[in-house]
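This text opens with one protein chain seen in two forms, each one given by itself as structure tokens under the names structure 1 and structure 2.
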Structure 1
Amino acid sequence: MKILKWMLPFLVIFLSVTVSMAEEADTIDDLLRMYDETTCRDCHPDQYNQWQESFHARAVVSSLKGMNNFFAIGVPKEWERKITKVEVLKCLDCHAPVVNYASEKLAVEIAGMIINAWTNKDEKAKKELSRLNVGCLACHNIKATAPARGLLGEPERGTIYTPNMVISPAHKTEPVNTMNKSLFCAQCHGRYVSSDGEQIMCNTLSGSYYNAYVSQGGSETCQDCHMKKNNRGHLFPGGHDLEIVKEGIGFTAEIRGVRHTVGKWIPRAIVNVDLENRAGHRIPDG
């Protein structure tokens, strides 16, 4: 009994370390096994296929230039800091939330792969990075409780969080009242606050939405326009999609032909163009 009491503190420490180590992956393969999304398409093929065509599905490889500048220039040269997991997550907490569960070593390696893929045009590195993105579990687990973590707590591994009350028998389902609100999207599409307190301003989309749209009486959410309208679902079209751009920008043009006499007849045209922002935020933004 005395030996057991003597060993108990060390046993607790050992178990704590083991659990901590189990929470972090040292390779991208291990990371994606921890958050395997391939089974999602078995029950949700429509949503999965829509997502595959979205920019969320290529959130890393479509943004290599900006992240390369941050990791290769901003952090080491402009701010004179080392590349650490904290620095890496200032990009990848949004572009690939699963990296939250990468080890320090893997997170730094991923930053190196991003630099190599952009600077050296390394196609092998780019292909490996294409496996990282904003996937099903990024929204339906990893980032699901973040807008109200003091109320909802940390996300539970294996639980699927949804904005509706439909409970699936295939997995543990937890309805949350944040996923159908703009503040859920604003986690990344707006001002980002890092774990070290630094604020990242990749875009100001949520700021213009709240300050120039909601404050003037606007009531539609991000999800209303980018998911629900026209059954857009998990395509999440934005500024890269011509149809949604047409909806967001009113355009009229008046063209009048005239002729001026300055020694001879000179044909001219007077063009009046009116542009109207019909979106719920500043255009362009992202």
Structure 2
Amino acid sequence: MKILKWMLPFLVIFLSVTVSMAEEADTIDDLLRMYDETTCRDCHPDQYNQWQESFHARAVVSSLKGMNNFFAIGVPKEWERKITKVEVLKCLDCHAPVVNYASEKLAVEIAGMIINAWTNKDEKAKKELSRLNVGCLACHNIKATAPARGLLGEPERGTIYTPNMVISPAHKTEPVNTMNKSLFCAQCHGRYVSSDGEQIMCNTLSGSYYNAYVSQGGSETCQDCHMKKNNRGHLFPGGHDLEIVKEGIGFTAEIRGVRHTVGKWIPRAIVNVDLENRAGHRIPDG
């Protein structure tokens, strides 16, 4: 009893440390409170407004079909597994990285909401899911250090990681040299390795970027074309934007009419077309 009395404060300290290290949200409200982005919007309205128009802002609701298929067919029927957080994160680690901080229960609930939103066209579930996306903190915190975890460590809650050297007085700012590199985007726009080792290649931009563009002397980064050029910023236009699609594809065509083959003089149209891929990756890709 005496020993227990002495140990009690240590037990309490130990337990509280364990709880704070493993802080997980049980509801989407709690999750979004943990990673609140309203202050980002208030101080950086231009970037926020651009982002709102981007596909990053609707990364869950614009991909319901594929995720529904995974959670309703792939996991339970093809793999004969239960839906767990590990399975949920195979989609949402990229489509809504904040779900990394969801409890097991909430992660499974989110998968259920995705199935419901797609299969039953449940607008309430879809509205709730629209709050999950690739938000400010997905890049500027949750995923910021991952390409160089050994050097930079785990992301620190409340710190804003940035590729710029401007230190904001409004929050703790940590300049990192990972965020302006293609490898940063390739975490999701490339071959993805999940926590259990499953390799997912639902889009493979980085493969052709490194192996067919950089290897051929290409030197522009994802950020150069999709953010810096034409002040695209946080709109990150891609395949859904015809302006950037046309920028990436050069086109010439020559159409000529002839009659040939001596003695027959058959009319023919000869069409020569050149399509130049001017992008830093294969076209199309995701």
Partner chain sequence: MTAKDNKGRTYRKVRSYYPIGVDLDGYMRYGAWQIKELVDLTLQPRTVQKERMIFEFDKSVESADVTVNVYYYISGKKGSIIYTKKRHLVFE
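Each residue is numbered by where it sits in the sequence of structure 1, with counting from 1. These figures come from a predicted structure and were not determined experimentally. Rigid core (definition): largest C-alpha set, two forms, superposition within 1.5 Å.
Mind telling me which structure is the form predicted on its own?
Number 1 is right.
Against the rigid core, is the Cα displacement of Arg268 between the two structures at least 2 Å?
True for Arg268: a C-alpha shift of 2 Å or more.
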